[in-house]
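Shown below, as structure tokens, is a lone chain in the form predicted on its own; questions about how it binds or moves come after it.
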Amino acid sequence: MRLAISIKNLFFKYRNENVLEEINATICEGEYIALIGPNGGGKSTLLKLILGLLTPTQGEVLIFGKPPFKQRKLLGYMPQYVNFKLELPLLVKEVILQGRLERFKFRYTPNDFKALYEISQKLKIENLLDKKISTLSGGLRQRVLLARALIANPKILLLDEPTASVDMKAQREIYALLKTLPITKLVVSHDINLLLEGVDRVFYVNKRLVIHESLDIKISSPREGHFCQVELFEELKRSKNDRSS
């Protein structure tokens, strides 16, 4: 399979303190990766280094063999939940079209509007295009932000807590939707239900990186509820021990 992301000997320091240390990983095209770990462990920082929003203190990140700043058109990014100011009359279509903006581009083209309608149909939000984003539920807002990340047809999609602040039904819908996208996906999440929704590997990030290559994890908690992240780490550890015995 074609190599999509290569991370070599990556360090990132903030205010003289290492946030990430000696990160090494390769991600093939089409893989679906979950990034988990404690708060402050460096998950979002790693995502921003892959996006090229931050510069490594040491090491490198390559996107299809080139630095991130040269491959930005191939990257789609959905940041953590955004609270749109109610006084701003932003329409759904205006938010989605932001994903087609480029440097020195001052107006949208017919191709931009074509892409808008195609992605809105794919995500089943075409009936919302003329509504104000502030009037939507949390789950629908997340669909709109996902549409903004996808409208430029990226090869790699990076999502930071895509199901934060939404109810369980909306979470299941978003996870089901992500499974249908035939592109490389990296998802930061505290919700270990994500592990039950078809990811290929789990990256546990806490300054350093531990990669769990297999996901035949038997979770004893009910599938309908939320799982404690501590329970997940115990299950991963138990699963690893079972395979080595």
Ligand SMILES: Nc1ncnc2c1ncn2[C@@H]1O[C@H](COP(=O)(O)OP(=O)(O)O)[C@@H](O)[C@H]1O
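This structure is a prediction, so every number in the text was calculated from the model and none was measured. For every residue, the number given is its place in the sequence shown, counted from 1.
Below, we refer to the form predicted in complex with the ligand, which is not included among the displayed structures.
- Stretch-level contact check against the ligand in the model of the complex with heavy atoms at 4.5 Å: of 62-70, 172-180, 43-51, 26-34, the positive one is 43-51.
- For a residue to qualify, one of its non-hydrogen atoms must sit within 4.5 Å of the ligand in the model of the complex; none of K105, T109 and L146 qualifies.
- Within this chain, S165 is remote from the site of the ligand in the model of the complex, having no heavy atom within 4.5 Å.
- Looking at P56, you'd find every heavy atom of it more than 4.5 angstroms from the ligand in the model of the complex.
- Within 4.5 Å of some heavy atom of the ligand in the model of the complex lies at least one heavy atom of P38.
- Though the partner is left out of this view, Q80 does reach within 4.5 Å of the ligand in the model of the complex, counting heavy atoms only.
- Looking at 1-30, the residues that come within 4.5 Å of the ligand in the model of the complex, counting any heavy atom, are Y14, R15, V19.
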